[in-house]
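Encoded as structure tokens, the following chain is the form predicted alone, with no partner shown.
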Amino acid sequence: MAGAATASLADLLEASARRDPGRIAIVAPDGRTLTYGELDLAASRVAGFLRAHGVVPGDRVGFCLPKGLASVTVLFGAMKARAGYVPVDWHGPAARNATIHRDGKVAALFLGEARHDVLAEWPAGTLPKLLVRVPMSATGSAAAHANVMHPFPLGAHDFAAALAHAPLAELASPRRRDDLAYILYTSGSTGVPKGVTLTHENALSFVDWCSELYAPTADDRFSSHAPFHFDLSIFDLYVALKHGATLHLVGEELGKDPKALARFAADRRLTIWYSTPSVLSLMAEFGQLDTLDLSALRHVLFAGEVFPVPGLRRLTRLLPRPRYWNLYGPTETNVCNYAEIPLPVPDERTRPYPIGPLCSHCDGLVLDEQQVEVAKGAEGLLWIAGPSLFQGYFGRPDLDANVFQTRAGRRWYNTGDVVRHVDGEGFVYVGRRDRMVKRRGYRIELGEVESALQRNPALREAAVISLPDSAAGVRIDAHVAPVTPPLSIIALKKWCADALPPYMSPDRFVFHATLPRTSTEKVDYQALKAKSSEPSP
């Protein structure tokens, strides 16, 4: 575990820079690199620049940048100044990104010049007190953007000025583990962003647990597939840099090309990989993994959604050497459950693997709707406590009141996920509470319908949504992507008739080449609902 001196995520970078300043810390999407010494100095200069322009401990520093050298430098610079960072989706809608940064009341905003459109979404006179323009040439992104200096408001600063500033001097007050580290914005069921506020203590407890379980070394080469506004990035960034390893940033364009992504993993001799199951499934199907040398891989981690067993079986047969880990946890807890996948995956297995026992730094309870602990093996809502538990939703005490409770002097968080505990397996994920519907008097978990469809070998992907219906109360639409189109609706209906009771069978099937995904590679259920609401052809 980290020693008492580790009070901040920035301390992890500084310790690695002292040990070996010449070791490569970051490899950007365009191939440029930063050593530990270079990254530490650049972040210290950004921190000095922030403090000189009025950013104080507890402030928020926003950035809208592609994944690259500039974004890593900014987030560490913010934390060195004892501020928290607030990242947004580089490709996200301008209005949404501006809404997030306004909601987070950012004191400073680092904005890539190609996203000048974000500025138009700020009401007049409300821009952050410190606005920094970052030219695309400084980002280290492989994205093809015209490097045109768009007109920024008078008083905006250039990123070069931040990198040329004197490094931050010793802070008057030391860093604290309960300082704000970052705010990650997630969409609730309504699609309205909410800011998950996390401290250094929250993140370090997770990083320390990962260090014990995966025993990384300075010789490891980590992938960084997740964008920085997605909680999977916390593992990539801080576990890698704590141990002096090299982090290989995956740009947004590369991240969506399974064949190129597989070659990237082979060419970079990556040893530790972490992404959503959908990314791994596409790599297994289209990445020609059997033609590549991926023997360096020793750990493959996945999280964010259920991994359908057919895709997991295909992947592990193509790459049988690594150890595979199913990690579970909402952004509010980071990872709180984990399970190693025993190999090989049997031919007869159809059920998704469990989310497993609790991590050593987390405690859990399974409670019913009246917040009474259920009998062992019964279904209930998973509540989590422990040092990784977030502080609350930024500026939203109304939301906090709905998800927290105090029991025996401890704060507990309602994940909203329905689980049951099975001896020998740990926790089994059943589904989301907010994805349970009632139709014709029956309670239906949409995740169970999805799971039945995902077991169909003719389908690459399947997702299920519900819509109001005047006759049945609820209509169930199944959105599917066949392995080899066309696929007949009759065949799908027969599959559902064999796998589900009649009241759970979908009313309608909607076909896609691939299912729409959010910027964090999860199924975009809002887009599916919009598609289902369109008039039938």
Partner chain sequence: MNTTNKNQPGDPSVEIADELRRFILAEFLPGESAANLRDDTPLRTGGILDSVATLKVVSFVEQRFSIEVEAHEAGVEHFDRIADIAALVRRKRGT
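Bear in mind that the values here come from a model prediction, so they are computed numbers and not experimental data. Numbering follows the first chain given and starts at 1.
If you look for the form predicted together with its partner chain, you will not find it shown, but the lines that follow are about it.
- Here the chain stands by itself, but in the predicted bound form one stretch of 49-57, 64-72, 27-35, 507-515, 507-515, has heavy atoms within 4.5 Å of its partner chain.
- Shown alone here, Asp257 lies within 4.5 Å of its partner chain in the predicted bound form, counting heavy atoms only.
- Heavy atoms of Val483 never reach within 4.5 Å of its partner chain in the predicted bound form, leaving it off the interface.
- By the criterion of a heavy atom within 4.5 Å, Leu282 is counted among the residues contacting its partner chain in the predicted bound form.
- Its partner chain in the predicted bound form is not approached by Tyr442, whose heavy atoms all lie more than 4.5 angstroms from it.
- The candidate spot formed by Phe286, Ile489 and Ala497 is fully in contact with its partner chain in the predicted bound form: every one of the three has a heavy atom within 4.5 Å.
- Cα-Cα spacing of Ala491 to Pro346 is enlarged in the predicted bound form versus the present form (difference of at least 3 Å).
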